[in-house]
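Only one chain is given next, in structure tokens, and it is the form predicted alone.
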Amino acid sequence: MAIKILSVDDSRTIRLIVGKAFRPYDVQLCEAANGEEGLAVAAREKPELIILDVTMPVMDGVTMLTKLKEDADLKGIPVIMLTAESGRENVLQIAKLGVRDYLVKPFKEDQLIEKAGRCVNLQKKPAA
């Protein structure tokens, strides 16, 4: 059974890179372009992992993460944050909110897969 992963990023390019990284795996990818959309998709789809950008319009990733952690149905979902800022204060702030891991943009696909594999059991798709 496919693992459901939600990618929340205002950059279509980043969402495409995330999708490409997971293509060899048995994953169903859901997408959202901002935190507000991301919360709605998370509530509807109940993903097993969320890959969440920090800086987005409408609702940023930190606000979305805070709201996720306040929701009894969603607070257990592991979150990997994507951030353009690697500053210690920024990393400490998101760590306090309960993220499982984080990646600094730009990132390599194998880094994302490695971190995601620590959160969920990724299975390669069977050869066609």
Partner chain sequence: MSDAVNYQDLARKYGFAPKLESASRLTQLVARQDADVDEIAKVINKDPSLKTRLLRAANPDAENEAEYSVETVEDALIRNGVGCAMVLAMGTPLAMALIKAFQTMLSLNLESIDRHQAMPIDGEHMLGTIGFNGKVVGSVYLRMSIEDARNVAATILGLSAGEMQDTSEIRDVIGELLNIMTGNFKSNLCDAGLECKLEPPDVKVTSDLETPVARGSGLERMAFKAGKIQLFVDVTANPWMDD
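None of these values were measured; they are calculated from a predicted model. Numbering follows the first chain given and starts at 1.
The protein also exists as the form predicted in complex with the partner chain; that form is not presented, and the subsequent description refers to it.
Not displayed here, the partner chain is kept clear of A43 by more than 4.5 Å at the level of heavy atoms in the predicted bound form. Using a 4.5 Å cutoff between non-hydrogen atoms, L16 counts as a contact of the partner chain in the predicted bound form.
Within 4.5 Å of any heavy atom of the partner chain in the predicted bound form lies no heavy atom of L49. In the predicted bound form, the partner chain lies farther than 4.5 Å from every heavy atom of C119. A heavy atom within 4.5 Å of the partner chain in the predicted bound form is found for exactly one of L29, V91, L39, V62: V91.
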